[in-house]
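Consider the single chain below, provided in structure tokens and representing the form predicted alone.
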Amino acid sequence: MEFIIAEDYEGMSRAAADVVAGVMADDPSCVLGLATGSTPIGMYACLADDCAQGKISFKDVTTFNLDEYVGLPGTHDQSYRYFMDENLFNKVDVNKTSTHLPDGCAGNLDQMCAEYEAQIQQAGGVDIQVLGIGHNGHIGFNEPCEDFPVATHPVDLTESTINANSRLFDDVADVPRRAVTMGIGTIMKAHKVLVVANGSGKAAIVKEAFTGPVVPSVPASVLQLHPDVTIVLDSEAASELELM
């Protein structure tokens, strides 16, 4: 487990983008596992800038996103498909048919989840999975629970996650109560994992997840068992860590 500590959000974003760009340079046809939320926006901006400058290309890349809200079509401005289009896909030379997100509007969510897992396997697995971390330690929408969920699955969101995401909606009542997410097992199969976190509000959970016990009540803690994890933080998110 490697920690990279940047001074601020801009530095964190650049450092995280460099990790992803390095994987792309090694394999231009790599499979990227992508995340949404406010934290990776700066990283995506850096990657889009790198692409515009000709330093990297997404034309042969395949992407799979972690999660999607149940009931929101991709045209909804709070759907994760819309987020990815606005923050990355529309700004780079990626083939949109090579970008994948769970379908939160599928008639049979369990079947869709099984098909999503199969698509990832058929692509050869994820080469690098980008993750944020929730205040309660969730990764993707894998909330604290009694067991680590294995595969892509529908999930009921906790009130803390609903409240945290309500800042993006007009009213907390508008926030979907369910989502579809890659499971912990799916995430752990990625060849490499990149975690990004910023701000003092994440300092306590960063310390708990990455230096405390591995327990399903802190889903991100399972990453301590992954053989290749890079954690990129700004100085505030790293403020409670005691690193040698």
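Every value quoted in this text rests on a predicted model; they were computed, and no experiment measured them. For every residue, the number given is its place in the sequence shown, counted from 1.
The form predicted together with ligand F6R exists for this protein as well; it is not shown, and the discussion that follows is about that form.
Within this chain, L88 is remote from the site of ligand F6R in the predicted complex, having no heavy atom within 4.5 Å. Not displayed here, ligand F6R is kept clear of R81 by more than 4.5 Å at the level of heavy atoms in the predicted complex. Although the partner is absent from this view, T39 contacts ligand F6R in the predicted complex, with a non-hydrogen atom inside 4.5 angstroms. In the predicted complex, ligand F6R lies farther than 4.5 Å from every heavy atom of E208. For the residues G74, P154, P149, G132, the 4.5 Å heavy atom test against ligand F6R in the predicted complex is passed only by G132. Listed residues I184, V61, A35, I56 were compared with ligand F6R in the predicted complex; A35 is the one with a heavy atom within 4.5 Å. Residues with any non-hydrogen atom within 4.5 angstroms of ligand F6R in the predicted complex fall in just one of 212-220, 24-32, 47-55, 61-69: 61-69. In this stretch, 151-186, the one residue having a heavy atom within 4.5 Å of ligand F6R in the predicted complex is R167; the partner itself is omitted from this view.
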